[in-house]
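Before any questions on how it binds or moves, here is one chain, the form predicted alone, in structure tokens.
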Amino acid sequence: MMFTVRLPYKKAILILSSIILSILLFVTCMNDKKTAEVVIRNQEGEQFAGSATCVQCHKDITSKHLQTAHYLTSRKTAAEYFKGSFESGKNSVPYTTDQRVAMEKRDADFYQVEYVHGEEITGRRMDIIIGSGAMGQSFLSWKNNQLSQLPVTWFAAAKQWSNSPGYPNTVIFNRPITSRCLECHTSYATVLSTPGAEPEKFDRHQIIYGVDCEKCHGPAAKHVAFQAENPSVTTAKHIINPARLSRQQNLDLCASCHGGRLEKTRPSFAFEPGDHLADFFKLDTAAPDPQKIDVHGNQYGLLRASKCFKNSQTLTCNICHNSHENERGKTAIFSQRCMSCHSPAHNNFCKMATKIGPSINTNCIDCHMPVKPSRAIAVYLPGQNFPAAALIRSHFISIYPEETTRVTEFIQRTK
């Protein structure tokens, strides 16, 4: 009797458990599907495909691009992306004898925490990493739908935590991030607030991190769909190839982020590859003064002031830079690109070539595009009263006598 009563009970439990498990699996599956099917469209309604789709047909180019500073300029935080240490004794920045900000890992998240007299005052989660780490890394934090920059940055030149660039040497947790900031550090972000409203609000699920494929080639969903249905068509459709743009269109594409502090006349992210910068920003038409332009952020202005640029009808950023690959520090590659125009055959080769010798073939960059301290990327290091500047290569291509002397003297000493 006990056996016949307990068997149906056990069977019912098994059936009920199976139903609950099926429901949980179904819900999980639907949630995963919902996450996977997040659709992001630009302001014209064009749908993005994402670089994970691009890699299916452009594996070599895409895999190399993933290593570039452009692609790595913004990411969601993860332990493996941080350059700075979270170890005790290496994880804090003192502001006064009694006040400091510490970088701390709490469970699965990372925080910047302000302490005064050893007591925690403010703590904000580090949600987004800005910067590849070549110059440094700054950090953004979500609060509702608003983003703010956190007070501490990892400064590559000193290999330590420091006060964030442009900050007074005080602890500030509420510096707002604008769509113009994101326009240069992401491929796209959906702005929720109305134009002119401050602080701006963003949809945290509608951000394409990094300067990805579609930043320069435009939204690609239509292109992907067409090529999938027409694999025999070898001429790419519904996609922008910057190589087919005019010189000015190519320059404008790069200048949208490397053209200095541009004042926009239309909403951020409205500018697309192939557009003219003057239709979206107020441009300074005066001849650029290289002495007044910072080496960071306005490389286009410095290039425009260069004799090389003025004497050329074809020189663009991509003549020297392969945006698909990480070429940072490869002076020999850049030197050879310079020499494709500057050669004895063209009667415009370096007049110091004989004195410098064979090394000029691997490095003419240090003489004519030296590294200079940036006023824009300058931070206060602990215990210092003056900001330390990042050294960035100038894009004002010119003759720098002091650099030439330094380089030639070094060559003579090392012969």
Ligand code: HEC
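A residue's number is simply how far along the shown sequence it sits, counting from 1. Since this is a predicted model, take the numbers as computed values, not measurements.
Here the subject shifts to the form predicted together with the ligand, a form of this protein not shown in this document.
Of the heavy atoms in G123, none are within 4.5 Å of the ligand in the predicted complex.
The ligand is not shown here, but in the predicted complex it comes within 4.5 Å of a heavy atom of L303. Taking non-hydrogen atoms only, G131 approaches the ligand to within 4.5 angstroms in the predicted complex. When the ligand is considered in the predicted complex, R41 lies well away from it, no heavy atom lying within 4.5 Å. Partner contact region in the predicted complex: 207-215, out of 207-215, 113-121, 89-97, 190-198, criterion any non-hydrogen atom within 4.5 Å of the ligand. The partner is absent here; in the predicted complex, the one residue of I293, L277, A220, A102 having a heavy atom within 4.5 Å of the ligand is A220.
The contact with the ligand in the predicted complex, taken as any heavy atom within 4.5 Å, belongs to C184 out of C184, A157, A270, I172. Counting a residue when any of its non-hydrogen atoms is within 4.5 Å of the ligand in the predicted complex, the hits in 63-97 run H65, A69, H70, T73.
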